[in-house]
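One chain is shown next in C-alpha cells, namely the form predicted on its own.
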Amino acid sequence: MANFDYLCNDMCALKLHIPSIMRRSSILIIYTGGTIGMKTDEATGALVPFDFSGIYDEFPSLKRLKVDIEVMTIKPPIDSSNVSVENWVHMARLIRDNYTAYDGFVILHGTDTMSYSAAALSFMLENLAKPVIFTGSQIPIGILRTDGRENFITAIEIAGARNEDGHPLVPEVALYFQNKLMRGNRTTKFSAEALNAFASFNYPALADVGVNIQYNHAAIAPYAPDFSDEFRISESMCDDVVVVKLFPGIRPATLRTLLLESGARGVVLETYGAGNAPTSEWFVDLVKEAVARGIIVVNVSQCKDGAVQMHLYETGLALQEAGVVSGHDMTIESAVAKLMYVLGKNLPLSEAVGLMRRPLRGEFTL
C-alpha cells in the first residue's frame, strides 16, 4: 500500500460556520481533484486549483442552505485518470475518521473515473447510514458558464437533507450530475462533451432536480440504524483483475494471455447482447480452464442498457455451464470494483463466488 503521509501533511481544513437558531446538517467536502476545482488565474489566464477558503464568495447561495461546511483538500490534487486503489482507500479512511462528526459527505472528483470511485466506495464503506455524494463538472468552476456551480451546491443540499425524524434522505453512496442523483455503483460516464455526462441505464434516478428536488424514495437504500455491526471500511482491495472485451476475430493466444497468463484472480468478461459469446471449442475450453483454476469470471454485457441472461441463447448457456458468474445488469465499473472488493477479503472460493452472485449494495437487479 502506498504511503499517503504527504496527503495528510498537506491536508487543509477550513471550518465554515453560519449562525443558526436550529440544528443544521454538518457536511464534510473532500476535494480530490478534477475539473470542478479549477479556476482561471486573472494574472496568467491559466487554470489553477480553486481556493476553497473563498467558498462563500464564489457560492453566496450556500448561505441559504441549512448546513455547516468543512472542506478538506487533498494536495496535490489527483488527476482522475491516475486514480488508484490506494486513493480509494485514502478516501474511505477520511470518511471513517470523520464519520461521527458529520451528517453527510460530498466528494469532488474528476469525471473520467468518478463512476469507478463511486462504485468502489459503495462496497468499501460497510454498514453506511449517511450520504456520500460524488460530483464534479465538465467545465471548470471558474468559467462563467460552468456546470460545476449547480452540481456542487445541489450535492451539498442532498447530502444534508433529512426527513422529519432527522434521518438522512439518501443514506448511500450516490453520484449527482446535471439534475440527476443516481446510485453510485449504477452509473457510467457516457459522454465526453455533454453536460449530462453520466447515466444510470438500468436503475431509476434516486432524485430528479428541477425547481424542487423530487426524491424517489422507493429507489433509495433504506436508512438502517439497527445494523448489527457499526460502520467500518474494507481497506483490502485486490487489483488482480482484468477486463476482457470480446470482439469478432479475437485470437486464442490473446484470450489465453488475458485469462490464464496475466496472473488475474478475477476477470470481467464483456460479452455481446444478453451475455453471448463465441461457441468455438477453443473459446469455451479456455474459459473452463480459467474457472477450474479458481479464477472468478463475471459476465457483463457490452450494452449499456439491459442485462446478461445467459440461459436465453446457446452462446450464453455455454458460459453458464462453464461456471461463469452472471453480472446481470451491472456496469463494467461496478463489476471491476466489486471483484476487487470481494477478492480483497481472501475468502474461500465458494464464498467469494457466492458474494459475486448476489447484490451487496444494490449494484444489480435479480
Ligand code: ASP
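Model, not experiment: these values are computed from the prediction. We number the residues from 1 along the sequence you see.
FYI, the form predicted in complex with ligand ASP isn't displayed, but the following is about it.
*Taking the shortest heavy atom distance, is residue 34 within 4.5 Å of ligand ASP in the model of the complex?*
Residue 34 belongs to the contact set for ligand ASP.
*Spell out, yes or no, whether the shortest heavy atom distance between residue 137 and ligand ASP in the model of the complex is within 4.5 Å.*
Judged by the heavy-atom cut-off of 4.5 Å, residue 137 is in contact with ligand ASP in the model of the complex.
*Look up in the model of the complex whether residue 110 has a non-hydrogen atom within 4.5 angstroms of ligand ASP, and give yes or no.*
Looking in the model of the complex, residue contacts with ligand ASP include residue 110, since a heavy atom lies within 4.5 Å.
*Please run the contact check for residue 79 against ligand ASP in the model of the complex: heavy atoms, 4.5 angstroms, yes or no?*
The answer is yes: residue 79 has a heavy atom within 4.5 Å of ligand ASP.
*Going by heavy atoms within 4.5 Å, which of 279-287, 111-119, 263-271, 236-244 lines up against ligand ASP in the model of the complex?*
Residues of 111-119 come within 4.5 Å of the partner.
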